[in-house]
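Next up: just one chain, as structure tokens, the form predicted on its own.
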Amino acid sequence: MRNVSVRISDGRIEEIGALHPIPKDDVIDCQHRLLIPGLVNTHTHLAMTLFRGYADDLELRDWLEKKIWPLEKKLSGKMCHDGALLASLEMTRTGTTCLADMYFHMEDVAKAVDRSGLRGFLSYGIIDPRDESGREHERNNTLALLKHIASMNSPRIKFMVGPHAPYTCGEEILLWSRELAEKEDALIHIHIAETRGEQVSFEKDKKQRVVDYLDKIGFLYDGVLAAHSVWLTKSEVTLLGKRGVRVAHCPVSNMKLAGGGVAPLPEMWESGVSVGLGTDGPASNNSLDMFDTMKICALIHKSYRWDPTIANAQRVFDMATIDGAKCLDMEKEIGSVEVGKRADLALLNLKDPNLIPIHAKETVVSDLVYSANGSNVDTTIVDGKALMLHRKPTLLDPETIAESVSRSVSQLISS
């Protein structure tokens, strides 16, 4: 629609149409701007901005064991806070308004996300050491995050339970995670079937595939958000749909880490699985730009299936907006521009060279997926508040964040 205005009141969209300002209105000039729902990143690791570019072009096992895990042992809460602030700034600048994060020192991450004004679903990444004292430590860290988020009393910050993966968490922790999630009416955030090696290992050790194992122990249900979900058979996909499991598809990191294969996206849609898009962490992407992720998602599935109609622009844009909202049980609140919904929005500048020309309203979504990038975002709004206005952040100071991150990285690498 052209020449249309949106009135926001108390953080919600109140009216859409040919509106005229009234004296109490604060007016944002949106001439030559395109209004879209704020983008939803369903899987990331914010504080891993600290590792951006540190361990590129390595096999996954070497990447983890020789580079990432040794550094993660040195992380402090202050470091994770700095890294999460940087990630939040990048997301604000590229039109993402809502995110699902899993990592460590999550109380500090929660403070950073809250300070940024973004909407966040946060989980502590549980790594099961397979001994009771270790399990108790991981359970306590999860419960500490739950308590901390409750004490924040922020409607934008939500708790999730985060067992890292079936290969890093035993049955006891997995089932404890489900019990806690159901008790607290929270979602579970977990990595599933990211690589072929994970499936091979399960078939060897458990005599069954990952999804079948998780279902057998009673873990799968409609509160699970499964990141990656690449190496799946059609029967596993059908089972995910039957159980109501949601999926966070992360095509860029899957390609960069060379896990092999492509997630069975069309089969997921056929089975009724809600699928959102995620960037994954900045160490394995290395960007948090959801426009980049949308384009790669569309292209990889077209190439892999030899079908240019697979993962069309509208379907992929939905994955980054309303379908991502569905993955987080937020589709009644965000994910589309509708009266009554929270005002989580982004404005793109249509005068940017890469967005010229737009031939007709029928091509707009195609332009968003194939032509746009995060630098086209002019203004980012969450709950009716401008977190970036005409490309100037309003809550975060880029120079201060850059200096803090530089100090944290220097301390991390030299220690």
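The numbering used is simple: start at 1 and walk along the sequence shown. It should be emphasised that the depicted structure is a prediction, and the values quoted were computed from it without experimental measurement.
Not pictured, yet referred to below: the form predicted in complex with a further copy of the same chain.
Peer 1: Which one of L265, V252, C169, A110 is close to a further copy of the same chain in the predicted complex, taking close to mean a heavy atom within 4.5 Å?
Peer 2: It is V252 that has a heavy atom within 4.5 Å of the partner.
Peer 1: Find the only residue in I296, L75, M152, A186 having a heavy atom within 4.5 Å of a further copy of the same chain in the predicted complex.
Peer 2: Here the answer is residue option I296.
Peer 1: Can you work out whether W231 and a further copy of the same chain are in contact in the predicted complex, taking contact to mean some heavy atom pair no more than 4.5 Å apart?
Peer 2: Flag for W231 set to yes.
Peer 1: I'd like to know if A18 sits close to a further copy of the same chain in the predicted complex, meaning any non-hydrogen atom pair within 4.5 angstroms.
Peer 2: Contact with a further copy of the same chain, no.
Peer 1: Is there a heavy atom of K351 no more than 4.5 Å from a heavy atom of a further copy of the same chain in the predicted complex?
Peer 2: It does: once a further copy of the same chain is placed as it appears in the predicted complex, K351 has a heavy atom within 4.5 Å of it.
Peer 1: Examine V4 and determine whether its closest non-hydrogen atom to a further copy of the same chain in the predicted complex is within 4.5 angstroms.
Peer 2: Close contact is absent here: in the predicted complex, V4 is far from a further copy of the same chain, nothing within 4.5 Å, heavy atoms only.
Peer 1: Among the candidate stretches 57 to 65, 37 to 45, 378 to 386, 22 to 30, which one is within 4.5 Å of a further copy of the same chain in the predicted complex when only heavy atoms are counted?
Peer 2: Of the options given, it is 57 to 65.
Peer 1: Honest question, do T49, S303 and T363 all end up within 4.5 Å of a further copy of the same chain in the predicted complex by heavy atom distance?
Peer 2: The answer is yes: all three residues contact the partner (heavy atom, 4.5 Å cut-off).
Peer 1: Just give me the residues of 353 to 370, first to last, that have a heavy atom within 4.5 Å of a further copy of the same chain in the predicted complex.
Peer 2: Contacts from 353 to 370: P353, N354, I356, P357, H359, T363, S366, D367, Y370.
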